[in-house]
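One chain comes next, on its own, written out as structure tokens in the form predicted alone.
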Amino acid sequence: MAAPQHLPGHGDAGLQPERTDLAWGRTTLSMLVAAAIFLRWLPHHGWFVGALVAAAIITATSINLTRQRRLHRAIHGINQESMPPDVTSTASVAASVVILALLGIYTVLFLPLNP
């Protein structure tokens, strides 16, 4: 399969930048699924769940908006044979997932159910 025309070429036969980009896409989809699950809680736990939905959608949007930059950075790093890890993006998404998980647990265990 040929690479899209807008991407510069690289010498990685394993197509690592493209595989990593697909993984970020799956992460975006997972965050949107989490937002949909949180929406189901809205009638039972009230307005607080709206903050969870908004946080999951903001995280998914920010991941998706920065995918192209990360992909070009990875291709450039392969071509230059030097690429530092993208700790900021990974740590930000990890922190978002942990915070959403903790807030989800808090919602289920401690917020009262609306009748």
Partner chain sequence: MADTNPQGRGRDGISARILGGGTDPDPRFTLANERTFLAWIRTSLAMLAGGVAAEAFMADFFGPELRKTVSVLLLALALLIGGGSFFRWLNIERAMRHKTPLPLPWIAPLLAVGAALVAVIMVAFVLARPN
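Positions refer to the first chain, counted from 1. All values derive from a computational prediction rather than experimental measurement.
One more form of this protein, predicted together with the partner chain, exists but is not displayed; see below.
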| query | finding |
| --- | --- |
| His45: touches the partner chain in the predicted complex, heavy atom cutoff 4.5 angstroms | yes |
| Contact test in the predicted complex: Ala55 vs the partner chain, heavy atoms, 4.5 Å | no |
| 4.5 angstroms heavy atom contact with the partner chain in the predicted complex for Leu65 | no |
| Residue contact check: Gly77 to the partner chain in the predicted complex, 4.5 Å heavy atom | yes |
| Sequence-ordered list of residues in 23-41 near the partner chain in the predicted complex, where near means a heavy atom within 4.5 Å | Ala23, Trp24, Arg26, Thr27, Ser30, Met31, Ala34, Ile37, Phe38, Arg40, Trp41 |
